Ligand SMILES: Cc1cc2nc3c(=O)[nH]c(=O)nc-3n(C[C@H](O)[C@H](O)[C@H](O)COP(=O)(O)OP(=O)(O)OC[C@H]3O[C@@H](n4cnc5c(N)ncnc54)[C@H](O)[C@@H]3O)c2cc1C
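Before any questions on binding or motion, here is one chain by itself as structure tokens, the form predicted on its own.
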Amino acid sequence: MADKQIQDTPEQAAFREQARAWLADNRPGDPPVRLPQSALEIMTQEQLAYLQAWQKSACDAGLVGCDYPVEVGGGGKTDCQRVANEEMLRARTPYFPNIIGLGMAAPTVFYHGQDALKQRLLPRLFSGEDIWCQGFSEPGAGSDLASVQTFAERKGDKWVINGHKVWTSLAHFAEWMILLLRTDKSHKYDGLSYFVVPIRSALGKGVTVRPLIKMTGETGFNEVIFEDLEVDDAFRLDELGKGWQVAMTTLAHERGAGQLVTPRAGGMTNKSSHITTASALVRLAQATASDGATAADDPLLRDRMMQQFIREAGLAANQRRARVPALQDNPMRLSLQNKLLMSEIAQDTAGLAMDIQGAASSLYLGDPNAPAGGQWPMAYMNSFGFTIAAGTSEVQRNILGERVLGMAKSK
């Protein structure tokens, strides 16, 4: 639904009308297979094909990459991606499969890549024809990202890459990876560089992708191993040794700061399903009966559900504030708050759903007696990943305390 607190410009109003009309006629039908709750958990070729076709259709209609320049495959508009996102959310469309490409790779390539690289990569990224993944975390470098050890050694105008990345969502389908690695072992931060790497064409020729099975049974995660992979220096973003600064662009968009700059990240608000909301909790509680009453009649549960409504309203207000330049005294303040709050609200909502279901919360997908088709236990287990990804909640609080509030550094 359109944000009534922010008046559309004439361009945005016209675009909103166009987007709403197109979505009314072109919203995709029901998928032929069950879709995971998040784009990051796409497991089968059938799931991917359905979602890729939807992203391509929306891209052709001008609903993707709206605020990027036309010469790199964008729409050349001003703050219209937000409008497209709102209208797709309103129409309850499926999510896009290329969430990492849209939300993280696109802005990073746009701000740090050479013109030829932008023109080559961004159009197929927007259309979803090329899926992207992120090569940041390693077995020994998670929250301490600057400790990555994947190493690239120069060989003429090429680089030879060796190393090991982990928790790499969508790597099993990805054509390209955004890759933070080390090009100088003598400097922690200044020894890092940033590349875009074609990994699918290199499978079995320097790249190995292995699935990591989660406790949910999903296999969206992978580990990626590089063994003497050669890539052209043309795939390096920005200057040698500036990888940490480029990575900050990626992380800013991953954590939500992309909403503060133009062009927007191009990411979609419909990243995952609509199940983990306070409204969905109410529907679940009304449908859960015991001893002649429903869970919605329990005053303690009603109070906890209302608390979730209040938190969601506060988050929405914070997101509106993030779109007002005059309120951006510190670009990290609202974006980090939003990431922190969004992930913890989703986790608490799913946890409350488990309490509402009681013993039935142990029933999983495929069990005909599972409430809501077993989606809530899945959401609860997956919620822990969202409080870890893009920096754990503890890391977010440390950054907010030290860099926003000016508190002493943690030890």
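The first residue of the sequence shown is number 1, and the count goes up from there. Values in this document were obtained by computation on a predicted structure and should not be read as measured data.
Form predicted in complex with the named molecule: not shown, discussed below.
- Taking a 4.5 Å heavy atom cutoff to the named molecule in the predicted bound form, the contact residue among Lys242, Lys214, Arg120, Arg302 is Lys214.
- Checking Ser169, Gln308, Thr150, Gln319 for any heavy atom within 4.5 Å of the named molecule in the predicted bound form turns up a single hit: Ser169.
- Contact annotation: Glu394 falls within 4.5 Å of the named molecule in the predicted bound form, judged by heavy atom distances.
- The named molecule is not drawn, but in the predicted bound form it has a heavy atom within 4.5 Å of Ile388.
- In the predicted bound form, Gln134 approaches the named molecule with a heavy atom inside 4.5 Å.
- The closest non-hydrogen atom of Ser279 lies beyond 4.5 Å of the named molecule in the predicted bound form.
- For a residue to qualify, one of its non-hydrogen atoms must sit within 4.5 Å of the named molecule in the predicted bound form; all three of Ile100, Ser143 and Asn398 qualify.
- Figure note: of the listed segments 284 to 292, 198 to 206, 161 to 169, 73 to 81, the one touching the named molecule in the predicted bound form, with heavy atoms no more than 4.5 Å away, is 161 to 169.
- In the predicted bound form, not one residue of 360 to 380 has a heavy atom within 4.5 Å of the named molecule.
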